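There is one chain below, alone, in structure tokens, taken in the form predicted alone.
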């Protein structure tokens, strides 16, 4: 890669962050010609590792996932919001896309990569790499040799065989960072004959930061930039917090950018419910050959930069009528899905869920299908058909952080009487907030979200809605009950101790963002 400088001042335009809203952390990006591809972490959710495409780095369209088959890997149950797929890196070399990542806390845990020649299609089975730690990254040098960087206490380097994942030598520690906690997220680049090593420090909370070093040789020694951290929003009165875990990219017009994660707090003390999101940061270079990130090392919701020509992507559908034989790419399961628990073909035009014995408060494979909450203010609706026969059978709409932190509105049966309930679970505390007698088989359910509350409504005709209850947003935030993920809007069914005797059918799902 070569640093290009323009003699004329470029025309600056404004774009908005985040570029991919909602729970999309640890972004990594690569370029093929004028096409850009991005991946991010997915943790315990399946399919794993969403893949996005863009041609301007601002407007992105999801085109698939890297992990789409249960046979590829096992996602471990338990450990809410901190298990599964951590911090993938995407790279392109000799016609092949590679994504390397870590499966954490599972029976098949460890580092591995998958590959494909078509990022819109299926990816390979995992190829394991017998190296410790997390946050693996790949670097292909000009001589074709492939190097693995990772973090295991400090940042290390090891040459590997990209055909089989075997190590071609011993791993060597190459940088300890600048003294911040948890040096991690390493990415290696060769720019103008120098090797640049970019990492994250400070932990993925409010003190998150990006630091960088360089060396004339790949094994070091690495010289730290005197302006480190080169990107952070710590201790600043900015609406974006916890900025870190960046990946650097040179655009096809010679400009430089970084994708990174950040959060949008909703209250003070700072709490966030959407998870860590993907942001875009312009990068320039100083006269000493060091990168300058964003607004002199900071990042905001609105940024001015010499942007690439705007690229039009299909707008995400605000309504899913479940008319296809496959779920749209935005939908996820918790852990590896059980095929028998859901169907789009048993009753065409409906998402059918067959509730099993597990409840929402269990870290188990559920009859649950969810999609990320991407905006602080939004409204979701669905039409549910479900007639519970036995006490405890239920189906409904949930806002879900993890099995110990969620609110829902559901049709159920209690003491032989059909009813509609609103329930809240906050850690070990739970309560049914409202019980409304309801014997009809169909109900329109609505959830309204803002910065303060999640409010639940129901309707008999889809026209007039009645409030059934609400819960504070602050109790469904990472700082209260989560770790590394964000909230989901989920459709679910459960027998709460035994399989449901009747299926739950969802006719459609609609989300409108404010």
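Owing to the predicted nature of the structure, the values given are computational and were not obtained by experimental measurement. Residue numbers count along the first chain shown, from 1.
FYI, the form predicted in complex with ligand 6LW isn't displayed, but the following is about it.
Novice: If we take heavy atoms and a 4.5 Å cut-off, which stretch out of 228 to 236, 131 to 139, 316 to 324, 298 to 306 is in contact with ligand 6LW in the predicted bound form?
Specialist: Among the candidates, contact is made by 131 to 139.
Novice: If you check 87, 410, 401, 210 against ligand 6LW in the predicted bound form, which one has a heavy atom within 4.5 Å?
Specialist: Partner contact (heavy atom, 4.5 Å) among the options: 87.
Novice: Exactly one of 355, 185, 396, 275 has a non-hydrogen atom within 4.5 Å of ligand 6LW in the predicted bound form; which residue is it?
Specialist: Spelling it out, the residue with a heavy atom inside the cut-off is 185.
Novice: Give a yes or no for residue 382: in the predicted bound form, does one of its heavy atoms lie within 4.5 Å of a heavy atom belonging to ligand 6LW?
Specialist: Contact with ligand 6LW, no.
Novice: Answer with yes or no whether residue 72 is in contact with ligand 6LW in the predicted bound form, where contact means some heavy atom within 4.5 Å.
Specialist: Heavy-atom contact with ligand 6LW at 4.5 Å: absent for residue 72.
Novice: State yes or no: in the predicted bound form, is some non-hydrogen atom of residue 369 no more than 4.5 angstroms from a non-hydrogen atom of ligand 6LW?
Specialist: Looking in the predicted bound form, residue contacts with ligand 6LW do not include residue 369, since no heavy atom lies within 4.5 Å.
Novice: Check residue 26 for me: does it contact ligand 6LW in the predicted bound form (non-hydrogen atoms, 4.5 angstroms)?
Specialist: The answer is yes: residue 26 has a heavy atom within 4.5 Å of ligand 6LW.
Novice: In the predicted bound form, do 405, 454 and 476 all put a heavy atom within 4.5 Å of ligand 6LW?
Specialist: Checking in the predicted bound form: none of 405, 454 and 476 is within 4.5 Å of ligand 6LW.
Novice: Note that ligand 6LW is not shown here; using its position in the predicted bound form, name the residues of 226 to 263 with a heavy atom within 4.5 Å of it, in sequence order.
Specialist: Read in sequence order, the residues that approach ligand 6LW (within 4.5 Å, in the predicted bound form) are 245, 261.
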